[in-house]
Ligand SMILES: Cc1cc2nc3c(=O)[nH]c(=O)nc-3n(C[C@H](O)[C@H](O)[C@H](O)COP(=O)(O)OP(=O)(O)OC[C@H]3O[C@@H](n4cnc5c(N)ncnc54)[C@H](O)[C@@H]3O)c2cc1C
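A single chain, nothing else alongside it, follows as structure tokens in the form predicted on its own.
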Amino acid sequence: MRQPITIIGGNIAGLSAAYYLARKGCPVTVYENKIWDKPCGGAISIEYAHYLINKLGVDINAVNQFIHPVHFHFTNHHTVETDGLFVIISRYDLQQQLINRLQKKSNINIRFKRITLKNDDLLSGQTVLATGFSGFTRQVIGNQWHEREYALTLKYTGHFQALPPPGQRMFFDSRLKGYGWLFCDNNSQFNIGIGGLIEKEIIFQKFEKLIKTVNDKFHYDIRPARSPNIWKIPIMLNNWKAPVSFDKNGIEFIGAGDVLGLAHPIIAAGIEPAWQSGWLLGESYDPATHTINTTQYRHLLKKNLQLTSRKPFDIIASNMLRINYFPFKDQLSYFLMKLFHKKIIKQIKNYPWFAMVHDGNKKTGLKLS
């Protein structure tokens, strides 16, 4: 009987790796500490939502309701409106649903247990590391930890007393090196947050300013009753140049999702790139040797990221965002969005960030039935 591959982390990247490895006939054991609501906006593309519904039976009611347009706000009251691109999900609910469904699949064993390096008897020779920003990740990747760039995110959720103005809103500010968001679903629930490549003290100030802006300018009534949740999201521009595996205590740890800094370099969207990395891990598994080919994995990451969340446009725009004293940065961002938003939306729909669109040799299109 084949020994299972251990996966540490039972959120998006870890569960995706479990799903695709198991489909290749590889038994996996997933260890997860707990189900929790990660402090992020929870926006996923309509295409990815349908994929989760059709392939895994996840219940996402929002795709059957009106998809609100997206308003991109820039400084000096500039706004670009686009068609609806995404729906909002609860990270807690998504993780719970995925676990419930994968537990019923053959070759998948999910256990709720906190793992440390002392639990080496539970780790396989190749262990998938899907632990995101955590102390465990830091222990494993060592010096690579300090080469990561991190976006800080704050998020607050609540309910409106009255129905809010419709639409999803994103607020861009070059001084933040990120953006704020206000996402309202089709009932009274909302989540508001902010993320950027800046210091902790400044981002809390920016969050308070965002609350004031949406209340004063757009006539919402948001009054946080508690401090927002905070989290760090690792980001790397050219991920394929960095290691994808790390040797520790005689074990080869293979990174997936946030461990490799796969979140989008501009808007830090990480759900779909995390799912994609698990898919690519499965594509890199060799049933004959019962091993993951890390060279193939790196190759597929490069090909697919360059077609999805690391296109040349993304890299150029991301580098511009990081220049401290670039003149008229906000005005330029507005004009670029105004000029290219239709092309950007078309590109996202043609190559959703979650999808395998390249087999390492040529474009294959979406591998969706």
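Quick caveat: nothing in here was measured; it's all calculated off a predicted structure. In this text, residue numbers run from 1 along the sequence as written.
The discussion below concerns the form predicted in complex with the named molecule, not included here.
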Sort through Lys118, Lys113, Lys200, His219 and report the residue having a heavy atom within 4.5 Å of the named molecule in the predicted bound form.
-> Lys113
The listed residue (Thr75, Ser134, Gln144, Thr294) that reaches within 4.5 Å of the named molecule in the predicted bound form by any heavy atom is Ser134
Exactly one listed stretch (301-309, 30-38, 331-339, 60-68) reaches within 4.5 angstroms of the named molecule in the predicted bound form by non-hydrogen atoms, and it is 30-38
The named molecule contact in the predicted bound form: Val140, any heavy atom under 4.5 Å = no
Quick one: does Ala18 come within 4.5 Å of the named molecule in the predicted bound form, counting heavy atoms only?
-> no
Is Tyr150 close to the named molecule in the predicted bound form, meaning a heavy atom pair under 4.5 Å apart or at it?
-> no
Touches the named molecule in the predicted bound form: Phe183 (any heavy atom, 4.5 Å) = yes
